[in-house]
Structures are given as structure tokens and as C-alpha cells.
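In C-alpha cells, one chain follows: the form predicted alone.
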């Protein structure tokens, strides 16, 4: 497996965890963002193959960032990462174009399964 990934989460430990999981499985993390505004900017700069996107973040949330990214690139592949109890937001994200979602706390296998499925 390979592919360039942008990791977006306001929690540094979550970014580190996702990044480690991706690297161990052959993916390249091209950038990390701590909020939606950074995500939109870094997506344009790096043009990753896929984005893992947290929903609840400061400045701009993951759903708004997803919409901005999809507006600029209709083929953008974004997987949402959400905490338990955010099912309503997950539905909004899927309607806005997210390819899949991962519920936190997640297991490495689930992250890799979702990413490999979306990048096929």
C-alpha cells in the first residue's frame, strides 16, 4: 500500500498515532493540520491522495473544511474521524462527500482498512 495522506486533528497525540499507523503500513504523511483552515491550505499545497479529518476542531470544523476541499477538488478523498455520539455529524459529512468514517477511539486495523478501501 502507498499513498500521500494529510492528517487533520486538533489533538497532537491523535495526529502522532495516525501518522505512526500510516507510516508502518507504507503510507506517506505529507502534512499535518490542527484545524480546518490549515487543512484547506495544506490540501492545496500538497494535493494528497487522501485526508483523515477530525470533525470537532477550532477555527473551522472538519465538515466545513471537507466542503471547502471538495469545492476546490471534486475528487478529493476524505475520511472523517469522529468521537462516539457524533453520528449526526457523520451523516452530514457523508452527505458533504466524505468517503468513510472512523469512530474514535479507533484501532490501527480499522484505519488501514478504511484508507486502503478508499484508495482502491
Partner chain sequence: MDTNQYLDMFIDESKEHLQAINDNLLELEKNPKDIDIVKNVFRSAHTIKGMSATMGFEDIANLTHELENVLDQVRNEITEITPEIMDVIFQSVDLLEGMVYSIIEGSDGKANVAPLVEQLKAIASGQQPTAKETKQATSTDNKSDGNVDGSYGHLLDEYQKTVILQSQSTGHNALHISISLSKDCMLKAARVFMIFDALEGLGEVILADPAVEDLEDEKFDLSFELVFLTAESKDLIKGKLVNISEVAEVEIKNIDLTISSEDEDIKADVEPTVSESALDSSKQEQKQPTEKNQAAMKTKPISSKTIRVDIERLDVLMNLFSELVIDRGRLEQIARELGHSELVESVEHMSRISGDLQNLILNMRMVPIEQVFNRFPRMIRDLSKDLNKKVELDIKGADTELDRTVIDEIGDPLVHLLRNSLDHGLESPEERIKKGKPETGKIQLHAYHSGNHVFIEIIDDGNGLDRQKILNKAIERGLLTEEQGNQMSDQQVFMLLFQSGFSTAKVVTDVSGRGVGLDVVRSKIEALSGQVHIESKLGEYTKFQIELPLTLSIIQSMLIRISDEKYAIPLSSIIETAVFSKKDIYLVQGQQVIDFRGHIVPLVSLEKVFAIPRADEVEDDEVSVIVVKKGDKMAGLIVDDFIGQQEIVLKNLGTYLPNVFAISGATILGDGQVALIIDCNALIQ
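Not measured: the values here are computed from a predicted model. Positions refer to the first chain, counted from 1.
Beyond what is shown, the protein has a form predicted together with the partner chain; the following relates to that form.
Looking at residue 57, you'd find a heavy atom of it within 4.5 angstroms of the partner chain in the predicted bound form.
In the predicted bound form, residue 4 stays away from the partner chain, with no heavy atom inside 4.5 Å.
Taking the partner from elsewhere, residue 75 is found to have every heavy atom lying beyond 4.5 Å of the partner chain in the predicted bound form. Taking non-hydrogen atoms only, residue 61 approaches the partner chain to within 4.5 angstroms in the predicted bound form. Interface residues of 81-112, taken as those with a heavy atom within 4.5 Å of the partner chain in the predicted bound form (partner not displayed): 82, 83, 84, 85, 86, 87, 88, 89, 90, 91, 92, 94, 95, 99, 100, 101, 103, 104, 105, 106, 107, 108, 110, in sequence order.
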